[in-house]
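Shown next as structure tokens: one chain only, the form predicted alone.
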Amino acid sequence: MRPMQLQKLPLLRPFSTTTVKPPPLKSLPATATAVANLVLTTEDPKALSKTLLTSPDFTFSEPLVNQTLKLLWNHGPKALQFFTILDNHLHYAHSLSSFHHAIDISARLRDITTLWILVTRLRSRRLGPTPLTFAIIIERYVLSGKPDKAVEIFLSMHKHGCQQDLNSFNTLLDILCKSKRVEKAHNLFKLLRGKFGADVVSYNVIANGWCLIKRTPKALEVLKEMVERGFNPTLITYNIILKGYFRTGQTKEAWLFFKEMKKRSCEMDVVTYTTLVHGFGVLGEVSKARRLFDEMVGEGVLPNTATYNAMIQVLCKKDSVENAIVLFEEMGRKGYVPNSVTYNLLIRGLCHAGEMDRAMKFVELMKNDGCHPNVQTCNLLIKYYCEVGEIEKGLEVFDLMGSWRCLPNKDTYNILISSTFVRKKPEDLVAAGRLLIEMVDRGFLPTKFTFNRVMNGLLVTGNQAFAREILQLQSKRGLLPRHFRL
């Protein structure tokens, strides 16, 4: 097997792989793809600024800017560069939604200075900040491992001209619960509900949090307290508990709870049946899952795409991908529209079965169906190609991401970097180093393990000079992982 070709890894990968340079602006329609391609391929900031601010070929609007920011999402520095340039446009002013995209990207990049500058600018323009602004910021702080700081920011919202209320309090609790910090959320709920109040949503959020970490008895305690305080459980409440039982593998308890729901004349919805289908299926009771899937229409509940996706996932994991494809075809005949999740489930199933060629055919079918491959699709293909030793084909998919209008994310780089250690050739480890540089350039901070692994790999394969170059480059940028050792 030949070594990885480093020329396959350009540091700025355009959306179109047919040309190295973008075509003349006069031939480009003012679409998000064309704008994103221009931003990615123009290395001179002054030239990019001049083009975006003065060219008559681009008429910017809120939808165009937001779509462009989404396309540039996985290249945070370029996305912020685009946003900053347009902030000086004579005939376009950023909307609240565009500011929210930029704030979210800044927070993901841990560029705290830019984040709060944007919040201040929002306020000076009387666009915000709004509760959604703070929800975005709080979620990013929690995801970066700073839940206490997130709570502090929530409590200081009023200082930025945005009053906290019950809805924003519920949002904070939900973010904490979904990041598995349920005990902190529950304690905060008990501490502050006197100030902000509580409603059914509050109790549902806490109950769902306990179910997420497989502590269903605690969720039942929340349900009991909810009733004692005069709140009536909703169907959402019951669906949360039902899903909680399945998470802990308690199929018997789940079924008894479902029967109790029927006794109480709960009007079951598609979420209830989707939960049952997925719950029984992933726990190995495929025939029961299929029976419920077939019977739900008789109970007056029509399946939706999510229900089909749940059954397809069950068949791929616990039965056979062939039966999943049969159901997929049935789905189309009955007029249900598959989405990217549907295709990704089938592609994963085919990859897991070792049928990579058929998986690629489904990618083509996906594109023909108007459902473009996304970064999850690409990561699946790259991962499975690399696992079976076909690293070159994984790199080919990596190259195709540009033409598929999606940029690699942190997982993409981690998968490719890990694959370079399979053969442990000097050329492969140089490729890992270049991937590491590109990864950081795009705003993704590698873990200490990944950074050390690449540096040590370069050292033991005789690439000490390149290792020092990377170390010096990242040290100057202040982007070294904590406690780095070489």
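Don't overthink the numbering: it's just position in the shown sequence, from 1. A quick note: this is a predicted structure, and the numbers were derived from the prediction, not measured.
The discussion below concerns the form predicted together with the DNA, not included here.
Within this chain, Thr234 lines the site of the DNA in the model of the complex, having a heavy atom no more than 4.5 Å away. When the DNA is considered in the model of the complex, Arg123 lies well away from it, no heavy atom lying within 4.5 Å. With a 4.5 Å cutoff on heavy atoms, Lys361 does not count as touching the DNA in the model of the complex; it lies far away.
In the model of the complex, at least one heavy atom of Ser340 sits within 4.5 Å of the DNA.
With the partner left out here, the DNA still marks one of 284-292, 106-114, 181-189, 345-353 in the model of the complex; by a 4.5 Å heavy atom cut-off that stretch is 345-353. Of the candidates Asp399, Asp199, Glu322, Asp369, Asp199 is the one whose heavy atoms come within 4.5 Å of the DNA in the model of the complex; the others do not. When the DNA is considered in the model of the complex, only one residue from Leu80, Val119, Ile175, Leu407 comes within 4.5 Å through any heavy atom, namely Ile175. If you check the DNA in the model of the complex, you find a heavy atom from every one of Val205, Asn208 and Lys383 within 4.5 Å. Shown here without the DNA, the chain has Leu132, Ile136, Glu139 in 118-155 lying with a heavy atom within 4.5 Å of that partner in the model of the complex.
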